[in-house]
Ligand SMILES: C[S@@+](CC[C@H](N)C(=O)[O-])C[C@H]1O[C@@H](n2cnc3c(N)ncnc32)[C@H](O)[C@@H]1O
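A lone chain, given as structure tokens: the form predicted alone.
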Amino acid sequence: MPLRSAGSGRLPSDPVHHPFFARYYARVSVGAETRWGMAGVRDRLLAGLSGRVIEIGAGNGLNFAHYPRTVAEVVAIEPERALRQLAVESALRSEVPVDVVPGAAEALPVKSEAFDAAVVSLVLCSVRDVPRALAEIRRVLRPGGVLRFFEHGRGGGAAMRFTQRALDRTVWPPLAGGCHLSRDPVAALREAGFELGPYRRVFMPEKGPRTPASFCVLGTAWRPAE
């Protein structure tokens, strides 16, 4: 049964409020679909999914157009109200049913073992508590359920990694909506008990100079069958 979709008004329970970053991200992310090749990444991220899917940190809903028709329903969790309203608009244009819901990754407002698949896309960099968020994803996935991920994080040589850590300690999180540059999403997934499937390193943008946010990973993991 679908959950209620969020409207444009701010809810008292909104756990995240980054209005300036949300406007910037919404503008830049749309251009990145073609200039940076993000549309192709989204196609690879979501290919082959089916059944009920939960997307954590849906942003402005750019993934919605890339879900295959084998998906029966997407429940899209987005904590930031400005991005959530854009996601609602994207959901109305989607070819698969999408329900946009407020909530935080660390406390997903859904039942346990209710989903066949979960999706995180540029999300683990900004959640406040990565282990707790991944524990919640495990909780809501059925045993054997799949997790698709596209995340940026630690990468490059010693100088780049030093720069990432320095930015994380200073200006980057407040300027970038709580984002961190030096987290290791693959290690976090292993530590959370997921079974890692195939994954590949991706640079974003694919061509051009490397920035501290360029080092990405695209792949699949599973909640172990129990």
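Residue positions are given as counts along the sequence shown, with the first one as 1. Because the structure is a prediction, the values reported are computed rather than measured.
What comes next is about the form predicted in complex with the ligand, which is not displayed.
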So, in the predicted bound form, is I137 in contact with the ligand at a 4.5 angstroms heavy atom limit? no
With heavy atoms only and a cut-off of 4.5 Å, decide whether P79 touches the ligand in the predicted bound form. yes
Give a yes/no on whether S90 approaches the ligand to within 4.5 Å in the predicted bound form, heavy atoms considered. no
So, S126 and the ligand: in the predicted bound form, are they within 4.5 Å at any heavy atom pair? yes
Just one of R161, H180, R42, R52 has a heavy atom within 4.5 angstroms of the ligand in the predicted bound form, so which one? R42
Flag this candidate site as yes only if Y25, A58 and A104 all have a heavy atom within 4.5 Å of the ligand in the predicted bound form; otherwise mark no. yes
Which of 126-134, 67-75, 110-118, 141-149 lines the interface with the ligand in the predicted bound form (heavy atom within 4.5 Å): 126-134
Heavy atoms within 4.5 Å of the ligand in the predicted bound form is the criterion; list the residues of 189-212 that meet it. none
